[in-house]
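The data below hold one chain only, encoded as structure tokens and taken in the form predicted alone.
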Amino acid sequence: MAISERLSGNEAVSFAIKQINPDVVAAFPITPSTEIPQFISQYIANGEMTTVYVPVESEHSSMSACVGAQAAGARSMTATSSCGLAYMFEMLYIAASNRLPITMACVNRALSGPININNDHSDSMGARDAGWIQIYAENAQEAYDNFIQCVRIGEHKDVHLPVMACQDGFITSHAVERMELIETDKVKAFVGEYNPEKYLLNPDEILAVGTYDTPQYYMEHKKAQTEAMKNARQVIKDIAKEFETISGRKYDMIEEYRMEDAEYAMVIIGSSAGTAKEAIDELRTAGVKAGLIKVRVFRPFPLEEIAAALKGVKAVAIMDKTDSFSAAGGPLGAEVKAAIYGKVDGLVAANYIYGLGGRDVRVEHIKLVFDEIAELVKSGKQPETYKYLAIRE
């Protein structure tokens, strides 16, 4: 029987880690992810976990410790945010290129500068091409559910890649919600024991990790990473179906909300999807055929699912909670436009930058966006390349 609880997103992820009981957790505190290693260290001190906790001097060191531990054959985890993730940057590539399935809780926070401790997606999106699988949560329930699935996804024999389980800082991480936990024995059975095929402490095999890769082999190794990321698509779907059998909750690459007959759609990531759903319900009451596509998995990108969901839609607003500073819009905008190119005819696609540094986004803001894309269809005008939402001019 499921356990009904009131937890914040950070508490939920920490409880998932406690249930999984990994071999190693190495972490350095940074707002708003600090609570996760704090809770874990308390669980360990209380004898509720047998995990080895490695206190380190920086986030670069925490990822380095996870790389070393995972390469040695230990299931390893960490948590970070913002500049902490940026400080790990070198080691993110090392973890992915060495095919080490580390699981990281990324509590999204704006990158400096100017310094800001509030939520946007500039940290994880800045690392979007580092070779990590990225899965985003709308609420605490999803943060918990995603983290449990992420371990299985990364460790799958057809994947062997590190995974970021992302949630919005403070909005999700510190907000307490009613949620359902899965019994620990079921979580342990679902995740299973970590039995790596190759690891440094295997006395029966000679193995080197992190050696120099010459031009004769480097491209082949990058191609292998690419194939692993492609494989992750089906693995994510398969594991989600298996997870549904123990939780009753259904997950996929994307979530479609009222898209069956939608004429106007929004594509969004994270906690703002909840606000968008409220706005869409109000628009539906007013006779506007609005719908939502929530991107749960950003890497690998669900291009086929998004293109299929947007068939028959007149206009779409693509919402980025970060600016890629390309002078051409945000990363989600670029990915969605690439996904629909040549596959969805006559679709007006408008890219919006919103919510930077924790700027509030309300139901009326979402409704304004739907009004604007509807007006574009009516007038026949092309949208701006991208625009900022709810900004003081």
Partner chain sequence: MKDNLMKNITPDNKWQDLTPGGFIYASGNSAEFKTGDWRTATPKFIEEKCKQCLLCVPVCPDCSIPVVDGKRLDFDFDHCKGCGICAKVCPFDAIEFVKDGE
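The structure displayed is predicted, hence computed values, not measured ones. Residue numbers count along the first chain shown, from 1.
There is another form of this protein, the form predicted together with its partner chain, and it is not shown here; the text below is about that form.
K.L.:
Would Lys157, Val209 and Gln216 all count as contacting its partner chain in the predicted bound form, using a 4.5 Å heavy atom cut-off?
P.N.:
Yes.
K.L.:
Where, among 264-272, 245-253, 96-104, 118-126, do residues come within 4.5 Å of its partner chain in the predicted bound form by heavy atom distance?
P.N.:
Among the candidates, contact is made by 96-104.
K.L.:
Would Ala189 count as touching its partner chain in the predicted bound form under a 4.5 Å heavy atom rule?
P.N.:
Contact with its partner chain, no.
K.L.:
With a 4.5 Å heavy atom cut-off, would you call Ala286 a contact of its partner chain in the predicted bound form?
P.N.:
Close contact is absent here: in the predicted bound form, Ala286 is far from its partner chain, nothing within 4.5 Å, heavy atoms only.
K.L.:
Indicate whether its partner chain has at least one heavy atom within 4.5 Å of a heavy atom of Val176 in the predicted bound form.
P.N.:
So Val176 does not count as contacting its partner chain.
K.L.:
Is Leu201 a contact residue for its partner chain in the predicted bound form, using a 4.5 Å heavy atom cut-off?
P.N.:
Answer no; every heavy atom of Leu201 is more than 4.5 Å from its partner chain in the predicted bound form.
K.L.:
Just to confirm, with a 4.5 Å cut-off on non-hydrogen atoms, which of Asp185, Glu304, Glu260, Glu197 contacts its partner chain in the predicted bound form?
P.N.:
The residue from Asp185, Glu304, Glu260, Glu197 that makes the contact is Glu197.
K.L.:
Determine the residues of 212-227 with a heavy atom within 4.5 Å of its partner chain in the predicted bound form and present them in sequence order; the list may be empty.
P.N.:
Contacts from 212-227: Thr214, Gln216, Tyr217, Glu220, His221, Lys223, Ala224, Glu227.
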